[in-house]
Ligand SMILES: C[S@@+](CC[C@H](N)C(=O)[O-])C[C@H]1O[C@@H](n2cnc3c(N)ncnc32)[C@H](O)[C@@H]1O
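Take a look at this single chain, the form predicted on its own, given in structure tokens.
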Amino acid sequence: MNNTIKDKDLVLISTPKRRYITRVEKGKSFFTKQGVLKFNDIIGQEFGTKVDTHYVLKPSLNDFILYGLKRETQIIYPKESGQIILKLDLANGMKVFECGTGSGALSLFLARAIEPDGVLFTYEKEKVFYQNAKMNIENAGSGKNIKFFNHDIEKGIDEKDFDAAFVDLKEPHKYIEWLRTILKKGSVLGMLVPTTNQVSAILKKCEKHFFDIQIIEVLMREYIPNPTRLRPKDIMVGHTGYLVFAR
């Protein structure tokens, strides 16, 4: 993999106070509270180069989701995305259904997990969200194996026989019976909802159509990387949603 910074590359700029995602533009500069980074000074250098207090790094997918994604909606955070990929048992070549594209954060993780031969079919009924998600995924340099639909699934879809499905909707329980018809027998369905009453509504519907039901909440606490004063950060990423999985 090429490790040289080029014009038009997406980069992560890490400073002692903040991280930024931007695209390199020859002849231009990037301004932070820690100073000015001239792009001409880093073009041709290796990723990992330090200029004054700025480290210039190749952004990971996690970095892009947290610092480079334009959000029109609440996103599914990376702390949940890892669990979703594992629970759906995603692998190369799978055909995956997603409903509620939102800002495209989870779509990026799902698509990468099934590369290069798998296909993600993602549906978003709100045009503004659909357009923003497409832009985000193009900016990330991804999307070759994603099929986008600006479509309300209540009107039905043409595809079926999916290997796995994930739904991020306000009332996913309304679609449980229908989701069973588009999934291959024994496949995994995943959902994310923010409240316990939504989980209860899902459980009532799932009992008739699915089995092996699991409910998970993922909490994450970071630590301050100071060897002499190692302790948790004052703010943690706590409750963002309940994950429900069923076969």
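If you're wondering where the values come from, they're calculated on a predicted model, not measured in any experiment. Heads up: residue numbers just count along the shown sequence, starting at 1.
Absent from the display: the form predicted together with the ligand. The rest refers to it.
Although the partner is absent here, residue 175 is a contact residue: one of its heavy atoms lies within 4.5 angstroms of the ligand in the model of the complex. Not displayed here, the ligand is approached by residue 73 to within 4.5 Å at the level of heavy atoms in the model of the complex. Mapping the unseen interface onto this chain, residue 89 falls outside it, with no heavy atom inside 4.5 Å of the ligand in the model of the complex. Within 4.5 Å of some heavy atom of the ligand in the model of the complex lies at least one heavy atom of residue 129. The partner is absent here; in the model of the complex, the one residue of 138, 152, 117, 159 having a heavy atom within 4.5 Å of the ligand is 152. Shown here without the ligand, the chain has 98, 99, 100, 101, 102, 103, 104, 105, 106 in 92 to 115 lying with a heavy atom within 4.5 Å of that partner in the model of the complex.
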